[in-house]
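Only one chain is given next, in structure tokens, and it is the form predicted alone.
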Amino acid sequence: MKSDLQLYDYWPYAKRPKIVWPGGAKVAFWVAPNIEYYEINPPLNPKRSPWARPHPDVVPVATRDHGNRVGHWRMMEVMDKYKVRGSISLSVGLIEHHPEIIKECVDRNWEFFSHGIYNTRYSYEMDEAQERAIIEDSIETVLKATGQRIVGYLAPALTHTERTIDLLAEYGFLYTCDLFQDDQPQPINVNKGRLISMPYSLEINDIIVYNSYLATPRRYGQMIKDQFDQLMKEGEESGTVMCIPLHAYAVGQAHRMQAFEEALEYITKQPGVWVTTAREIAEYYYENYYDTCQADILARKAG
């Protein structure tokens, strides 16, 4: 990574150029189902082990498999009901393992972006050739399977090298979800090309909420509503972005679905919400606000 995290400039929230989303919307709302594949015995990484217990650790693998077998279908049914298209954070290797899931997403015109090949293969210790190979494989594999050229990236298991962000810009990606610094898109500092950070979220990520905060489903549903209410209020001044990152093996458990559905119903019935995908947010931002925001950042930096 660039020294002192110089991936982006400090850009105070107040007095930024005003953003207005299509139709005058105040919040651009997108949902990011992480559709992942976990290997029971992946190649060892010297810096991190995927499983806490010795091989074969069947329990966490089977638990995650529940998401692809059951939870995903529950989640998709609820999203269909409220006309929410997903932006899929995809373990690209899943295309070979569960093509049925990919077909259902394609049929719904959902977006795909790369979450690496497997979520059990970390970026730590990768050389440049290896990282380029993963990015190129992601582009080619998703294009062949879906007809989409991916434009977004979330590093596998949120692991990076010092060159990840620059490589994304070089390969023509539009956005990265790997930075959590803001509630609006922001131009990122890259060696060449352009890239923006797309507001993702760890705070209302179902895995964090359920496994780290130990929240109940009802509490999670209320957190989503509270997040939306605050971003809608701020969106009166300048448009904000809200993302709900999901994992089918977490939110897709039977006892958690009602709270998730109630949160989606609450958001999608509100006026002033653009229910969309990450790609559509990025494309609109580049066309209408990237240059203005970049100029504002540079002016503040110089002044």
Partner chain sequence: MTLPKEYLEYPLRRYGYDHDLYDWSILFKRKPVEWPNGAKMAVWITTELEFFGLDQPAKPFKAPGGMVTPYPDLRHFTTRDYGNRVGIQRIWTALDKHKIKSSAVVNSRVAERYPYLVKTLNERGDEIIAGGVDMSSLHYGGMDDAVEATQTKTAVDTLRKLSGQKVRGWLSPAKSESFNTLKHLAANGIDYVCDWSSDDMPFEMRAPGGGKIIAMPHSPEISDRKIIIDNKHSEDEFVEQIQDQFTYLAKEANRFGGRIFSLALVPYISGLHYRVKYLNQALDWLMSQKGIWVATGSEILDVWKKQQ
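Numbering follows the first chain given and starts at 1. None of the values given here were measured: they were computed from a predicted structure.
The same protein also exists as the form predicted in complex with the partner chain; that form is not shown, yet it is the one meant from here on.
Just one listed stretch, out of 240-248, 254-262, 23-31, 270-278, contacts the partner chain in the model of the complex at the 4.5 Å heavy atom level, and that stretch is 254-262. For the three residues I40, Y122 and I134, a heavy atom within 4.5 Å of the partner chain turns up in the model of the complex in every case. Between the partner chain and the residues A145, A215, V106, I207, the one pair within 4.5 Å by heavy atoms in the model of the complex involves A215.
Of the listed positions (H160, R85, R194, R74), a single one reaches within 4.5 angstroms of the partner chain by any non-hydrogen atom in the model of the complex, namely R74. Residue contact with the partner chain in the model of the complex: I165 places no heavy atom within 4.5 Å of it. Within 4.5 Å of any heavy atom of the partner chain in the model of the complex lies no heavy atom of D80. Of the heavy atoms in M126, some are within 4.5 Å of the partner chain in the model of the complex. The closest heavy atom approach of T141 to the partner chain in the model of the complex falls within 4.5 Å.
Heavy atoms closer than or equal to 4.5 Å to the partner chain in the model of the complex belong, across 35-67, to the residues Y37, E39, I40, N41, P43, L44, N45, P46, R53, P54, H55, P56, V58, V59, A62, T63, D65, H66, ordered by sequence position.
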